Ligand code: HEM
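A single chain comes next, written as structure tokens; it is the form predicted alone.
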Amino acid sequence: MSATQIESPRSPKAAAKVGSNRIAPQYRRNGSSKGNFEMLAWLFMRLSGVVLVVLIFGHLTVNLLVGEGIKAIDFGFVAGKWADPFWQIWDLAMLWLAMLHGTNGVRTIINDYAEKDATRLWLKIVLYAATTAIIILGTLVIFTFDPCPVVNGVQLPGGFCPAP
């Protein structure tokens, strides 16, 4: 019995044996190098994933396990939590990392599955526009949140706001 040698899938010999017509696969994309971007994107996914696990479990622990649990989560709970800059930064980091992590993952999927350059371009434009909008709006909500809003000169009711 002789040993079988399996060629590397991307080697010229293996490419010549692909399919019934024995034609090498044609790659539609140009071979231009993107430098270290893909390696840095891969590294970002691993590091941001680890940080996100810590941020998310910390968020869930504080919101669901400490205190009265899920029954305590209301407008006042969020107002009290965001009164502390620590929790604003925590939630901001969670928002930014989750959005960038997810965007990088979807960008990879677009690169893998969108065959036409124009399709890939437009999908990425939509992805980046949505990501930018959500990050900007989320950041504004976190830093401009007013726990004691005044509407038409009348302070809205809430047991956590000081008397006017």
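Position 1 is the first residue in the sequence shown; the rest follow in order. Source: prediction; values computed, not measured.
The discussion below concerns the form predicted together with the named molecule, not included here.
Enquirer: Counting only non-hydrogen atoms, choose the one of 43-51, 134-142, 61-69, 118-126 that falls within 4.5 Å of the named molecule in the model of the complex.
Expert: So the stretch in question is 43-51.
Enquirer: Indicate whether residue 106 is a 4.5 Å heavy atom neighbour of the named molecule in the model of the complex.
Expert: It does: once the named molecule is placed as it appears in the model of the complex, residue 106 has a heavy atom within 4.5 Å of it.
Enquirer: Using 4.5 Å between non-hydrogen atoms, is residue 56 touching the named molecule in the model of the complex?
Expert: Judged by the heavy-atom cut-off of 4.5 Å, residue 56 is in contact with the named molecule in the model of the complex.
Enquirer: Can residue 98 be called a contact residue for the named molecule in the model of the complex at 4.5 Å between heavy atoms?
Expert: The answer is yes: residue 98 has a heavy atom within 4.5 Å of the named molecule.
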